[in-house]
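The chain below stands alone and is given in C-alpha cells; this is the form predicted on its own.
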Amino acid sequence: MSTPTTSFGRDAAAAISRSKNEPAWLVAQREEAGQLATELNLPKPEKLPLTRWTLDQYGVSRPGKNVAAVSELPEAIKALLPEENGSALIVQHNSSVIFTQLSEELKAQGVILTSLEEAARSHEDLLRKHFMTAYAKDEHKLSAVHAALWNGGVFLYVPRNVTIEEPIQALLFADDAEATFMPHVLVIAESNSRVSFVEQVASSLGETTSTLLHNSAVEVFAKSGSLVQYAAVHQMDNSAIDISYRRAILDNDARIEWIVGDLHNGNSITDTKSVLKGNGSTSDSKIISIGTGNQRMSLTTQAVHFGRSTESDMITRAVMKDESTAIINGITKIEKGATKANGQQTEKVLMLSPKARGDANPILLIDEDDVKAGHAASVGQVNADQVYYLMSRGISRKEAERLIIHGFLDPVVSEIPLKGLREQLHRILERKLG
C-alpha cells in the first residue's frame, strides 16, 4: 500500500511536473508552488479551526483507466451520469481524465474540450495566459498545494460568437481515498459566446480510515459580451474534505451565473467569487447547502466591482440539521471608480435542530458614493404558520415541513440546466433531509 504524501516541497513538485512531460514554465510554476506550500499558512475561516482537519494527506497518483466510450466507464460512474449525455462530456476518475467526448459539430466551430494536463501540451499559449491567474498560488497554503499537485482537470475553450446550445458536462469522481484528487477547471469564453457548464463531483469510498482531500479550483474567464452559466453539484462521502475555490473574471458586458449545490457530506470550505472588471458586467450567484451530522462548513460568496454600471446578486440558502455548523459569508466589494454599481445579497439559514448552528454574515465594503448596495440575512426555524396551513389541508406535519424545505431550496434546484441532474439533486436532498 502506498503512503499518502503528507509533506512535499520545491523538488518534489517539480519532479511531478517533469514526470508528466509538462513545459518548462509549468514545471517552474509547480516548483514555486511547492515551495510556497512549505511557507504559507492555512486560510483562517471564521470559527473553523482548520488545524484540526486532515489537510496534510495529499494522496498519491492513482490514474484511472482510459476508455473509448460511455458504455465502457465504470458502473459507479455511469450511474451518476444523467441520461441526456449530450454532445460534450469529460470524466475524471481519481487522478486522471479517462474519457472525453465532443461532437464533430462543436469541434468544427473551434470548441476545445480536453483535460487540463493535455491542454498544457496542445494549447500551451492559452493555458499559460490564464491558468492560476484568477486563483493565485500564493493566496494561502491550500492554493499553493493545489497549484503544485493539481491533476486531470478540465480545459474548455469557446471561440468568439459561438453559442453552445447543450450544457458541457464534467463528472469528477473518486473511489480511492488515498488518491490525489485535485482537479482544476479552466473555462475561457471569448467575446459574445454562450455556454453552460455542469460540474458534478462525487465519490464512493466505502469503509476507509483515510481522508480524501478534494482540493479543487475553478477559473472562468468571460470575455466581453459573453455569457457563462456554471452549475456545480458536490456530493462526496463524509470521509472526504471538500475544498473548492471558484473564481470568475468578467470583461465588459460579460455575465456569469453561478448555480451551486454544496451538498457534500463531510467538512468543506467553498469560496465562489466574481470579479466584475469590465463596465456593464453582471454576476448572479445562487448557492444551496445542507448540513447534517457534525459537519463543519464555511460557505463564502463574493462579488468585487471594478467596472462602471456593474451588477451583482448573491443568494445563499442553507438548511442545518443535527449538530452541523455553517459559517455563511456574503461579501460585496465596490471599488473606487465603480460608479452606478449595484450589489445585492441575501443569506438565509433554516434550522431544523436546536444543536445545529448557522451564522449568516452579510458584508458590504463600499469605496464609491454613486452606487447601490443592500443585504438581507435571516436565521430561523421552519415557519409554524406555514406548517399549520398545510396541515389544515390534510398534510402531515412531516410532509408539510418537507414541502417547505424543498420550496426554500427550489430557487437554486430549479436552475440546474440538466433535467437528469435536477432529478438526481432532488434525490440527494431527500437523502440528506430524511
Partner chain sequence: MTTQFEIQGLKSSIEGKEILKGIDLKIKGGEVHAIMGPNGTGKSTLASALMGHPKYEVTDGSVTLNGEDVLEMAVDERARAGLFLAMQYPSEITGVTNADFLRSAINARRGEGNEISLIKFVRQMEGKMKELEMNPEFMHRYLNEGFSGGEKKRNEILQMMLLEPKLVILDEIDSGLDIDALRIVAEGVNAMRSEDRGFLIITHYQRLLNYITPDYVHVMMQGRIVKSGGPELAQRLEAEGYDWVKEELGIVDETVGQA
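Residue numbers count along the first chain shown, from 1. Worth saying up front: this structure is predicted, and the values here are computed from it rather than measured.
One more form of this protein should be noted, the form predicted together with its partner chain, which is absent from this view; the next part is about it.
Asks: Against its partner chain in the predicted bound form, would I395 count as a contact residue? Criterion: heavy atoms within 4.5 Å.
Replies: Yes, I395 lies within 4.5 Å of its partner chain in the predicted bound form.
Asks: So in the predicted bound form, does A28 come within 4.5 Å of its partner chain, heavy atom to heavy atom?
Replies: Looking in the predicted bound form, residue contacts with its partner chain do not include A28, since no heavy atom lies within 4.5 Å.
Asks: Indicate whether Y58 is a 4.5 Å heavy atom neighbour of its partner chain in the predicted bound form.
Replies: Output for Y58 is no: heavy atoms all beyond 4.5 Å of its partner chain.
Asks: Tell me, yes or no, whether D410 is in contact with its partner chain in the predicted bound form, where a contact means a heavy atom of each within 4.5 Å.
Replies: Yes.
Asks: Report the stretch among 365 to 373, 62 to 70, 36 to 44, 395 to 403 that approaches its partner chain in the predicted bound form to within 4.5 Å, counting heavy atoms only.
Replies: Contact-bearing stretch, as computed: 395 to 403.
Asks: Since exactly one of S378, Q381, T54, Q386 fits, which has a heavy atom within 4.5 Å of its partner chain in the predicted bound form?
Replies: None of the others qualify; the residue that does is Q386.
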